[in-house]
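Shown below, as structure tokens, is a lone chain in the form predicted alone; questions about how it binds or moves come after it.
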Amino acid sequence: MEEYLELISDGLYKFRGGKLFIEGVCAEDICREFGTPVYVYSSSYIKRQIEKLRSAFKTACPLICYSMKANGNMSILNLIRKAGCGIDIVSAGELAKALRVGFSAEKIVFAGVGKTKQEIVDGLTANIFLFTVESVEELKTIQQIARQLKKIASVSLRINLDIDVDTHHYTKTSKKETKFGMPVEQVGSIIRSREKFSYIDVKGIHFHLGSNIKISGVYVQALERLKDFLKELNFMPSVIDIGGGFGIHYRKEHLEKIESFGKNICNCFLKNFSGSTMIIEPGRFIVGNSGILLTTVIYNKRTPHRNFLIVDSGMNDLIRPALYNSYHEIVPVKKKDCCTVYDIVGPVCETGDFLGKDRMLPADLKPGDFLAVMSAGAYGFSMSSNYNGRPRAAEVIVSGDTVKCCRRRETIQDLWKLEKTL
């Protein structure tokens, strides 16, 4: 277990005296002070990951635009802003949040296949750096609104290079059958006729291959394919945005080190696009292993067919196992011998409500004991819901031996504060 914790957290999560610590704070103490379910994040880990990215990609000196959808907690956003990063957003809500936290509009890129007219107005009014354009229809809408506002809209054209990657089918974003980006032919047509779009400045080309990608080779493949395409057009954009998707460890498995990732990508980029600025859009890589979800055992339920640990966190708190069949390590916060196989399930009324299946855990776990669901910093709280009338969890952030609440636990009264009885 110690080897695994070192692998995912650079030693920021470890057992001391048989108890799990996040930096200098005991997980059990967090459970008792803040209750469960509770998301816990290591601020030191987030800072380290940003520095690792900078070091790995230093030869290309990219603009790092953190992907807010991974985790939009404002304290985390502020940490990332202070580290000098930009931000990748996908909605008016994320735009407003980014501006409220203090991100410079010059470091904001606005992605997403379904930007509304109001969202385009908001982006233009804020003078964001780039819109990532996903369709011809969107480009025409941006042109129309920019003309009305008498502004020049800077855009990056998202190209679908039809490249397959080894990840879950739901998170592949560069196959031709997905909704993302434009076919090569459409992008070529736009570039050849870009003078027709008098209120559009085509600054960049963007691609995004998918999520939690474990090898750099597919990025090199995409850059080579993009080089050939742009050479045929005799067009070199000032920005090449390679998206994010850099993988993290959810368990002990093969994963190319970020140093090799960055070196291979930068070498290819500088060989083919030395005059362009690189943008990368990591989310999971920065926050994924910064966070855990702490939960309390409600019942240790044994049947002739299966053993269940029923806990107070469910699919409304962490939907990834139900949605993607994703794997998260689950460990007791007090170190014990693990000798019994359990399914760890929540209280939500769905058979798909589980956090982990067939996990070896201590036989004597009892109501009131605490478990930690690891690698929960990305797409955990940000995808949570109030399903089954369940208030969303609290979030806390640890820095050294200090722990502070960065989002209070929702109350039952919060469930209906926006509703009316008619």
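Counting begins at 1, following the sequence as shown. Since we're looking at a predicted model, the values are computed, not measured.
As for the form predicted in complex with a small molecule, it is not shown, yet the points below apply to it.
Only one segment in the set 188-196, 318-326, 295-303, 78-86 has residues whose heavy atoms sit within 4.5 Å of the small molecule in the model of the complex; it is 318-326.
Proximity to the small molecule in the model of the complex holds for none of Ile258, Asn289 and Gly377, with the criterion being a heavy atom within 4.5 Å. This chain appears without its partner; in the model of the complex, the one residue of Gly283, Gly346, Gly204, Gly262 with a heavy atom within 4.5 Å of the small molecule is Gly283. A heavy atom within 4.5 Å of the small molecule in the model of the complex is found for exactly one of Ala56, Ala394, Met383, Ala60: Met383. The closest heavy atom approach of Lys69 to the small molecule in the model of the complex falls within 4.5 Å. Within 4.5 Å of any heavy atom of the small molecule in the model of the complex lies no heavy atom of Lys115. Heavy atoms of Ser211 reach within 4.5 Å of the small molecule in the model of the complex, making it an interface residue.
Residue contact check for Gly245: one or more of its heavy atoms lie within 4.5 Å of the small molecule in the model of the complex.
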